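Quick setup: one chain, the form predicted alone, written in structure tokens, and binding and motion questions come after.
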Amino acid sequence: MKNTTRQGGSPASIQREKHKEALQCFLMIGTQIIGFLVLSVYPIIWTFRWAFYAYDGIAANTRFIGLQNFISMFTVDLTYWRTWANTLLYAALKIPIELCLAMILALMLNRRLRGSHFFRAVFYLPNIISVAVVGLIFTNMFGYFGWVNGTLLKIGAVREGVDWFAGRGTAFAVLVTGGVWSTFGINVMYFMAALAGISEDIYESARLDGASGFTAFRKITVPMIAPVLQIILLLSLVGTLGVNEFILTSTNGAPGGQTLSVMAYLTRQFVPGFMAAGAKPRLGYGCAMSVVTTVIFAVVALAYDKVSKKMPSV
């Protein structure tokens, strides 16, 4: 029987019903579409336009300068490229520690140990805390009169307090510690979800064939969770390269801008309210820098896409 007969309505009424359902669907996603256009598409167009202008927010001072902002960025502003080096170093230090720690904890919790649900909640808890708050927490913990120095002095590990933010190495140690603590919990959850999809029968067969625990991990676990691992690595990479508020609220680039990430540099130099007192806003130059930063992020994403295709998979 035809659909029109089942519904007992005329073709015109059925068509009106379809239009009504379509309208309801568009109304449901309308907020998201408007938000995407207003908060994503329009800012991108706005940024790309003003990248070719000398623009400080005052219409009378605005003038078209073509590629001059981009030329200055590549020939004069070496600080921008130093912040990229800081960002890549931070990612190289943080991501391996974060993912290895998350994997080890996920393997332990996946064995259904007593209290595993409690530890899952504890590990995930830092992820729901604002990264700005995390930065303040670690700034106070590693301050000269903070909890870390107090503990080291109490146990006799040091004779005097350590100025953690006076040297690049110790400052990066604080950043990596805080960054790992803030985000490893969500990766534990991701890894546990991936491990839950592996049948215990596979491991049992491997044990009967004489495979060791490490061999089973390398030959079974890694290939089986490879698709999820690729996503986890991508999320960690994007989140780490885009680190901003955490840097601003913890080291704020100390010492002397040597721990400043590229996004924190953009914010501190060109976002009103974060700039130094009396600094002239160079919004056009900041827009040009944002365009170049976006292109670099895209190149990193494409490079990761090519590398991830060579990762082992099922």
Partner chain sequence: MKKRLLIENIFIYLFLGVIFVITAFPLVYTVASSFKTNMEIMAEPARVFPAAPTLENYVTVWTDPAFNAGLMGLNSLYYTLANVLIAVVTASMGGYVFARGRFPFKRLIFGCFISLMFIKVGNIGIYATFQVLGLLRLDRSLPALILLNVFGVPIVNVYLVRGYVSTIPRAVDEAAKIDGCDFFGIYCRVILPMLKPILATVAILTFQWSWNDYIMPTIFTMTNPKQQTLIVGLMALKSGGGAASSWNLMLAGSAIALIPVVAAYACAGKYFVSGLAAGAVKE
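Numbering follows the first chain given and starts at 1. Bear in mind the structure is a predicted one, so any value in this text is a computation, not a measurement.
The form predicted in complex with the partner chain is left out here; the points below concern that form.
Using a 4.5 Å cutoff between non-hydrogen atoms, residue 53 does not count as a contact of the partner chain in the predicted bound form.
Heavy atoms of residue 15 never reach within 4.5 Å of the partner chain in the predicted bound form, leaving it off the interface. In the predicted bound form, the partner chain sits within 4.5 Å of a heavy atom of residue 281. At a distance threshold of 4.5 angstroms between non-hydrogen atoms, residue 161 is out of contact with the partner chain in the predicted bound form.
Across the options 215 to 223, 74 to 82, 145 to 153, 168 to 176, residues that bring heavy atoms within 4.5 Å of the partner chain in the predicted bound form belong to 145 to 153.
Only one of the listed residues (228, 89, 101, 206) places a non-hydrogen atom within 4.5 angstroms of the partner chain in the predicted bound form, and that residue is 101. Residues are counted as partner-facing when one of their heavy atoms sits within 4.5 Å of the partner chain in the predicted bound form; in 92 to 109 these are 101, 104, 105, 108, 109, in sequence order.
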